[in-house]
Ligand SMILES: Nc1ncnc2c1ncn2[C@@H]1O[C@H](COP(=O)(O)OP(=O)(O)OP(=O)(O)O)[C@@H](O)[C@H]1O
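Consider the single chain below, provided in structure tokens and representing the form predicted alone.
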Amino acid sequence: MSDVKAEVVAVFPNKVKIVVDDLENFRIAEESLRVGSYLKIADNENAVLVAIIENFQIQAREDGSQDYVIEAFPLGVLRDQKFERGGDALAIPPKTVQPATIDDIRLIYGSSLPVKDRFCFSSLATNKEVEVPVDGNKFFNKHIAVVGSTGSGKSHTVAKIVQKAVGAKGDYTLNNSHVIIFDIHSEYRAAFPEANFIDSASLVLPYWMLSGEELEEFFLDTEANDHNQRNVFKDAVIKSRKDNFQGGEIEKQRIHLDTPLPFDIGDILKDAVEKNTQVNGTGELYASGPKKGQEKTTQGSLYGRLTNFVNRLESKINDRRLDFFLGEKSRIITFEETLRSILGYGEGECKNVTVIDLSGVPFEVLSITVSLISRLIFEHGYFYKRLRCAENANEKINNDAPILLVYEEAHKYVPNSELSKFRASKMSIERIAKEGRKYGVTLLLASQRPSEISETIFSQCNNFIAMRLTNPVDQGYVRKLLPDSLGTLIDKMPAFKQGEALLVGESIALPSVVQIEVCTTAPASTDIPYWDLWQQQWKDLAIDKIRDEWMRR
């Protein structure tokens, strides 16, 4: 190495050009340089510029020998054992160029973060000995996006992040982390066997806590734009709420469609049936015929006009798949019981992680289900902040129990679509994306199709974990949202190995290609080994049991 001549021949705002006469011996110990390796360039100001190699070129000399040209992307400057981002502080001419040692690289990632703030779930892809910590506060109090094609390790990454978060504690059993995972494919129970697990069989949601818009989307045919059914529904809900209200008369008069008070869906159906079949007396009697002496009647103003509405209500009430929403338990569950269930505050035992298995929820009510739970968590944060501020006007931390909402396959809840069936979940999650951080509620969006996620929501993310993306549309979409200063790092996404990712955002010292650590316990998302299984002996299937399970949905 001492005999190798390496010198900077050109400095650009985003590139440093270096000529080396003996590339084979330009190394530290036995490690050869490659694309992605780090260099350190000393200048006259006792500072060291750190750059990452982007490419190599061979340059022929006149005497027939060769020089090697390295182009490197400047990352930042090491000065007084501290790393500062940006490469514009390089004095001219630079003195020496050397491969960076492991200690130099560790300084880049470790010197900028106090130990107590470090949250680590990955190491450098080019050198597994170098941990890549993020600032835990900046990572979790800003929204996070994890994107990657099928098989890239996306679900394992989400599981590892949450496992690390709930495992960071002192000498107490349970730390103060609160994570709610919306699991659409039944993957995460395996990764969190001790979690508060809720599936369609144990999920109970009070339909009466839906907002006015959510109520209309769920119970009405919004595409028909039928004002009659909308007015009848609204009046019946308000009347039922007032009839079930136990408070004073003044408070009763303030009840409206959005008031989160119980009402009986049976009352709504009964009222709709009555108006749909209503006939009114005219005060006149039949003078002759078989109805002689009977009062003449006329059809009510809504006679027969609510048939579709009545059929829709009856269909939903009788749908066994919707028992979690419209069954007897959902009518009597209290507000407090609902929140405790979702937040993992069980009787005698609390849980850091709540896994909500949505695989058994009918697709037509998936948006409403996600919307209601998301909105309840957001409003919980809002009112908790108000309560804390009212008790102490000088309180700086307005929510001392912040919550992370994890949306697996986020494009299925918040797609880049204006269809009415996604309206409820989009509105709730977009509100959290815009305002949730103020109230201690943040998002982690995981998706294999980032281009199909609502841009309003995705653009609010400040931390990105971009894994292998093979779809050009998705690559372009992610590229558009990431900083322009990434150099060629972003071009590597299609070639990432399983578990490799581009980690970028406000929480990390500099954008880096990392290898995510292996899960403590993995989610049930491992690829099925078709070829191995197909070579085994024929397996009989219990079709009757499959049928029974099918019919229970």
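Quantities reported herein were computed from a predicted structural model and do not represent experimental measurements. Just count from 1 along the sequence shown to find any residue number.
Omitted from view is the form predicted in complex with the ligand, to which the following refers.
Thinking of S155, Q498 and Q515 as the candidate spot, does the ligand come within 4.5 Å of a heavy atom on all of them in the predicted complex?
Checking in the predicted complex: S155, Q498 and Q515 are all within 4.5 Å of the ligand.
Using a 4.5 Å heavy atom cut-off, indicate which stretch of 397 to 405, 144 to 152, 104 to 112, 424 to 432 touches the ligand in the predicted complex.
Answer to the contact question: 144 to 152.
Can you check whether S525 is within 4.5 Å of the ligand in the predicted complex, heavy atom basis?
Yes, S525 sits close enough to the ligand in the predicted complex that at least one of its heavy atoms falls within 4.5 Å.
Within a 4.5 Å heavy atom cut-off, is Q448 in contact with the ligand in the predicted complex?
So Q448 counts as contacting the ligand.
With a 4.5 Å heavy atom cut-off, would you call E187 a contact of the ligand in the predicted complex?
Contact with the ligand, yes.
Taking the ligand as it sits in the predicted complex, is D271 near enough to touch it, meaning that at least one heavy atom pair lies within 4.5 angstroms?
Close contact is absent here: in the predicted complex, D271 is far from the ligand, nothing within 4.5 Å, heavy atoms only.
Let me know the one among E409, E214, D199, D474 whose heavy atoms come within 4.5 Å of the ligand in the predicted complex, would you?
The residue in contact is E409.
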